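First, one chain by itself: the form predicted alone, in structure tokens.
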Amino acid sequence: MIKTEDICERIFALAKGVQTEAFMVHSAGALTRFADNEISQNVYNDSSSVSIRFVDSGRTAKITLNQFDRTALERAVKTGLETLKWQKKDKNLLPLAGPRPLERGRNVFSKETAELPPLYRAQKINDLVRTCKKNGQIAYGTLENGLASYTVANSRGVFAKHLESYITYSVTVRDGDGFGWAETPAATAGDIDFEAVNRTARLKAAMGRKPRDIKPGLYPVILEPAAAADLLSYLCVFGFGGQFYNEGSSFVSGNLGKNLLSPRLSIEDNALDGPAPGMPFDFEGQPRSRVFLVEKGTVKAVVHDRKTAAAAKTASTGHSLPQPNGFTPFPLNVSVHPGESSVEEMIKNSKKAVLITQFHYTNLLRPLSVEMTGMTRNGTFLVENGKISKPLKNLRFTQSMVKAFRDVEAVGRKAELCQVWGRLSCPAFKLKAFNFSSATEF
């Protein structure tokens, strides 16, 4: 492991009084991929890098390298300082941040999980493959694990370091012309129920055989957690990012305190001790705050870095991305408050609805209304008279998320961790109306 403190001090000494920031990333991870019921790839990657940012008299420059010997650092700092002289002045450029007290945050590192060997991943995959072969099904997917370390330091005294482990098990199963999918990300291997992931993907694939057509149009939908998280992540990024709010391109702009969404919907960002925890500081080393974005349908706040907070004449919530950055700060550790229903109860209480497992190729069309398009994938079913009646061919949707999440009929009582734009803990949802704009042949 690289001694980050020593490298940062060496960089600051070489900069000779120019405000300097060092952002170091170390990642080490392995991935085993499988397809057609066989392991097809096993890879391991270990890499480190440091991005050095200089700020002086309204000018800034940045240089990134992955070598840490004295010669490489001297060359990088010399190049960066020379580049700095030729940069155009920005009257709004802020000096580097000063140090602020940081909370410890929840432990999200497991050495055992970070170092799980290839044999562990192979055995887990073999459990699924053996069952699929026995039942005439075909398995595809990945199992990956590793660690990531982030260090933010600057010559004004900021020094913040975060270490986390990760493991993600993602499975797609094919059964004839039926497909099923399930995925669980976690910080520790013990939080993944491998048998449940396998069982869910296999069952959906079996249920998905011989999918039928359905006419595009407005339907009530039951979104399983992964599908709901995909849509809500866009709502959070493009609705609650400070830059978009300041520019007036967010549906929240000028509407804080107004009831714009369903009273069944409450959303917060909490990297410290929420259900989707992570780094307790941002990429400028500033403390992350817990922010209530939506409380019972009322939009309460947006997230800011120092730059967008200054423009909005408010305080930073500690959501800076690596600077300089043209994108908005956005919530990275989101939790959607659970409700009092379940997917089974939503199905039972539906006269007619479309049950959706996962979306694919989701994209934003109109930021102000968070209108999106995308496809259903790997498990779409028609619900009629309280039961799943038939599998459906995939559908394309075109829908405003502000409008869709204004009419929430039920929220699941169990939230699941999903990896989207950051981490998002999300339950299932039943929405009153969702627009499917076209059909497919598969």
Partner chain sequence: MFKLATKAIEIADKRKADFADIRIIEDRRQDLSVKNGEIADLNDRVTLGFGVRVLHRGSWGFASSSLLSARSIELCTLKAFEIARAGTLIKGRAARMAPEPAWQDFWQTPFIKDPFAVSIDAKLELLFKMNTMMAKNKKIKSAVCDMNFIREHQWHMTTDGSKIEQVLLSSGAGSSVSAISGGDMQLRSYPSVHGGQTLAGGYELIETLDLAGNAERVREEALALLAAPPCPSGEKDLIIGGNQLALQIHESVGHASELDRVLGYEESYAGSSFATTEKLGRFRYGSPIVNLVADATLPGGLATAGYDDDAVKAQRWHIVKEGILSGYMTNREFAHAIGARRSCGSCRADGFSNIPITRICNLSLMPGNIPYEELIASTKDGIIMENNKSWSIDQKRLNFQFGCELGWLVKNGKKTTLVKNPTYQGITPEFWNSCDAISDENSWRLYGVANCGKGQPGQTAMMCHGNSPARFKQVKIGVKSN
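Values in this document were obtained by computation on a predicted structure and should not be read as measured data. Residue numbers count along the first chain shown, from 1.
One more form of this protein, predicted together with its partner chain, exists but is not displayed; see below.
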(message) Check for me whether its partner chain, as it appears in the predicted bound form, comes within 4.5 angstroms of all of V77, T113 and A312 - heavy atoms only.
(response) no
(request) Please pick, from L256, L365, L203, L163, the one residue with any non-hydrogen atom lying within 4.5 angstroms of its partner chain in the predicted bound form. (result) L365
(request) Could you work out which of D90, D191, E345, E295 is the residue within 4.5 angstroms of its partner chain in the predicted bound form, going by heavy atoms? (result) D90
(message) in the predicted bound form, is there a heavy atom of its partner chain that lies within 4.5 Å of any heavy atom of E371, even though the partner is absent here?
(response) yes
(message) So in the predicted bound form, is its partner chain close enough to T71 to count as touching (4.5 Å, heavy atoms)?
(response) no
(request) Although its partner chain is absent from this view, report whether A122 comes within 4.5 Å of it in the predicted bound form, heavy atoms only. (result) yes
(message) With a cut-off of 4.5 Å between heavy atoms, is R264 one of the residues that contacts its partner chain in the predicted bound form?
(response) no
(request) Please determine, with the chain shown alone, which of 97 to 105, 224 to 232, 346 to 354, 125 to 133 has non-hydrogen atoms within 4.5 Å of its partner chain in the predicted bound form. (result) 125 to 133
(message) Going through 43 to 58, which residues have a heavy atom within 4.5 Å of its partner chain in the predicted bound form? Please give them in sequence order.
(response) V43, Y44, N45, D46, S47, S48
